[in-house]
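Here we start with a single chain on its own, the form predicted on its own, put down as C-alpha cells.
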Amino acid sequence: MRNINKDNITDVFMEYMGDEVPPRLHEVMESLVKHLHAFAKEVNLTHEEWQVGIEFLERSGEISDAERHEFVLLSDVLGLSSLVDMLHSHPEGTSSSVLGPFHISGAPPLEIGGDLKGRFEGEVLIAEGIVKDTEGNPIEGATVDIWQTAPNGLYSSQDPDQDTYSFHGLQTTGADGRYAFTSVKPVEYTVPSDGPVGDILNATGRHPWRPSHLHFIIKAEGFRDLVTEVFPDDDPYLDEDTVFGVRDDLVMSYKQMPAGSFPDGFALSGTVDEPYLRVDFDLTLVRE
C-alpha cells in the first residue's frame, strides 16, 4: 500500500501479516503493535526520544551476559514480570512471584535438613514446610529448587568470592512432602542499578531496593510448576519492593528460637548453641 498514514498504519501492518500465521501469534502481534502505535501517538513521540529508546535497548543487550539478564530486570522493575505472574496464578495455590535475573539452573542435590550456610557468617535460619496439593495432601517426589543471596546481599552469579552454587540447593520431597534446610537470614538488597535499568530508576525517582526473601521453584508430576519467593513480615521494604513481587500469602514470620533448642535431623544439629530463627512455610501446588 502506498498511501500509508498515521491513521491507517496499524491496520496496514495487520494486512501485511501472512495467512498462515498461527492464531495466538496473530493475536499477540496485533495487540502489541496496536498498543505500541497508540503509545507513540498518545505521547507524540519525537525522533530524539525514539533514538534514546533504541539506544537504551542496545545498551541493555550489550550489558547482558550469562550472569546478568538486563531485559529480565527491565521487565521486573516495570512490573511486567509480576503482572504475568498474577495473570496466571491460581487462587487455590501459592501465589507465584518473580523469577528474577539471578537463578542458576543445575543446583546440586541438597538432602532434607541439609545446609546452605556453609562458611558464611550470619544468623542461622531453619526453613521448612510441606509441599502439598490444594486439598492439603503432601506431594511426594516434588523437586524444590532453593536459592537466595549471601549475607552481603549478592547472589553467587554477582560475586566472584562465592562458589557458583553458593546458597543454591535442590531437594526432593519424600512421602511426607517435607522440605527442610538451614541457611542464614536473607537480607534486603538492591537490584543492579549501574546499567540502563538503573538509569530508569534514577530518572523516575525510584529506589532499587528489594525486601529480603527466599526463592523457590517447585515442580511435581501432574502439577503446575510454581516459581515464587517468600518474605519476612518485618522487612523495611516489604511495602515498596522495586520489582512488585510481594503478595499477601507470601509473607511469613520468623520465630526467634532460644539457645540450646536446635532440633535433631539437620546437618547443623549439635553445632548451633546460640539463638536462631525458624520459619515454617507450606507451598501449595495446583494440578495441571
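Since we're looking at a predicted model, the values are computed, not measured. Heads up: residue numbers just count along the shown sequence, starting at 1.
Note that the form predicted in complex with another copy of the chain isn't included here; everything after this is about it.
For residue 165, no non-hydrogen atom is located within 4.5 Å of another copy of the chain in the predicted bound form, even though that partner is not displayed. By the criterion of a heavy atom within 4.5 Å, residue 145 is excluded from the residues contacting another copy of the chain in the predicted bound form. Heavy atoms of residue 246 reach within 4.5 Å of another copy of the chain in the predicted bound form, making it an interface residue. Though the partner is left out of this view, residue 128 does not reach within 4.5 Å of another copy of the chain in the predicted bound form, counting heavy atoms only. Within 4.5 Å of another copy of the chain in the predicted bound form, a heavy atom is found for none of 104, 124 and 140. The stretch in contact with another copy of the chain in the predicted bound form, judged by heavy atoms within 4.5 Å, is 78-86, chosen from 178-186, 214-222, 151-159, 78-86. Contact annotation for 28-48: residues with any non-hydrogen atom within 4.5 angstroms of another copy of the chain in the predicted bound form are 28, 29, 31, 32, 33, 34, 35, 36, 37, 38, 39, 40, 41, 42, 43, 44, 45, 46, 47, listed in sequence order.
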